[in-house]
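Just the one chain here, laid out as structure tokens, in the form predicted on its own.
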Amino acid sequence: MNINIVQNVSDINCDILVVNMFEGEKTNSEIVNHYVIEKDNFEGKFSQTYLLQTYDKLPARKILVIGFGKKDEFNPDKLREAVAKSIKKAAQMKAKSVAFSLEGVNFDYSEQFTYGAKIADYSFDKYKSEKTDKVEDVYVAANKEIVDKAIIVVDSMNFARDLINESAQIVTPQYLADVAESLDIDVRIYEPDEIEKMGMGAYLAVAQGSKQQPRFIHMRYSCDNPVKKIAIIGKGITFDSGGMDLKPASSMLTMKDDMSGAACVLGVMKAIAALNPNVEVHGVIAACENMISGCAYKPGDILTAKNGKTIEVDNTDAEGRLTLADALCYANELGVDEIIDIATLTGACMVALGTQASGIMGNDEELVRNLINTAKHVGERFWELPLWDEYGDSLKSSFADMKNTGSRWGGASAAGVFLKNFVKDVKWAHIDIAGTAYFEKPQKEFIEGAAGAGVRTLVKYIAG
């Protein structure tokens, strides 16, 4: 999809002209006012649509009226959702060119318009004989600089969605390493013997049940005199069977998405390489599969993490935190100012927040608050969960420094307390995207499947 910036949208010769209408108000189009409002009493409630023929009275063949709802309740999130719905309807009608005449919007819609249009344009039809119909050209009066930057961000987000939607038979640890090496940044890939030398016993234990060898990925974007140094870590379980504590079949169906954190980090690094911010960024992924076999790690095993802490395996399906533990230790040695990890970590977070928000917690209130505010600005939702020491009581072990799971109550926070043991003297935030990484049915502007959760927020936070 091409997004073309123009001054006079109504003069564009296109298949569909999209005209917005606020509830209870008229539009700037006489045709819309006469036929849609006066004759058919279209109210303009949010996301309502009305299709109108122009009968060659305008350069556009058809007009699609999209309701924006009450003007005092309209906001950037609603604009993004309305734009996405308009693009989807245009594609269903096999329109190739769509122009947007957006009137009465009292904020700069350039960024959210771009997100809405490009998110709606996304499909993963690689394995389908019949491909999805696409809008090829979009015309809008907007700020070109903002649009161009937003395109980089949302294209990187859709790049992450492709990685998550792809099957686990393709997306192996080595595949993620190959993707990282294809980006325009410095990359170091560690193989099993090197990982063992670094003392990453928790991560290697998770990996040992699979014939797919683990790959520890370190990407680095550098610049002269950076104002800040940040490490972002993505959980990279390319398939999660649950290990010896095997998941039920129905719970395993979407476990190709357990590397959504890794896909987010790869998407962010792709965008950062194009945007060139004055920030040093390290992208870290401990990639592996969690499989069941005669070699798999077992409940009751005692593991030693990179920082020397010992962990009793209470449940092999709580593997993500084990891989993140060693990744956090590694990031802690990079001399960064902040560490942010992102992971499909706990079902408990899904129980608490559903698919509407990601959970966030950390050891620095300012960092957590800044990430929450950044997410809100770009159209994502983060909700802070507590990180009280008391949640760690259920992690106590009689045989090791800690267990990898505890009580089912407050499980998302208990996981956060577990991870905190592997962070030392650096600002840190943990983002749990278990509920927001993958939608089992369409939600707002998104279709079923991967959402690219976290990409927009982390790019905005790092690059502004």
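On a predicted model such as this, the values are computed, not experimentally measured, just so you know. All residue numbers are counted from 1 along the displayed sequence.
Not on display, but discussed next: the form predicted together with a small molecule.
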Within 4.5 Å of the small molecule in the predicted complex by heavy atoms, the stretch out of 317-325, 226-234, 301-309, 266-274 is 317-325
Partner-free chain; cross-checking the small molecule in the predicted complex, the single residue of 138, 348, 90, 142 with a heavy atom within 4.5 Å is 348
Students should find that, of 255, 357, 102, 146, the residue having a non-hydrogen atom no more than 4.5 angstroms from the small molecule in the predicted complex is 255
Legend entry - Partner contact for residue 114 in the predicted complex: the small molecule, 4.5 angstroms, heavy atom: no
**Prompt:** Taking 4.5 angstroms as the cut-off for heavy atoms, does residue 434 touch the small molecule in the predicted complex?
**Reply:** yes
**Study point:** Contact of residue 247 with the small molecule in the predicted complex (heavy atom, 4.5 Å)
**Key:** yes
Quiz item: Applying a 4.5 Å heavy atom distance criterion, does residue 413 contact the small molecule in the predicted complex?
Solution: no
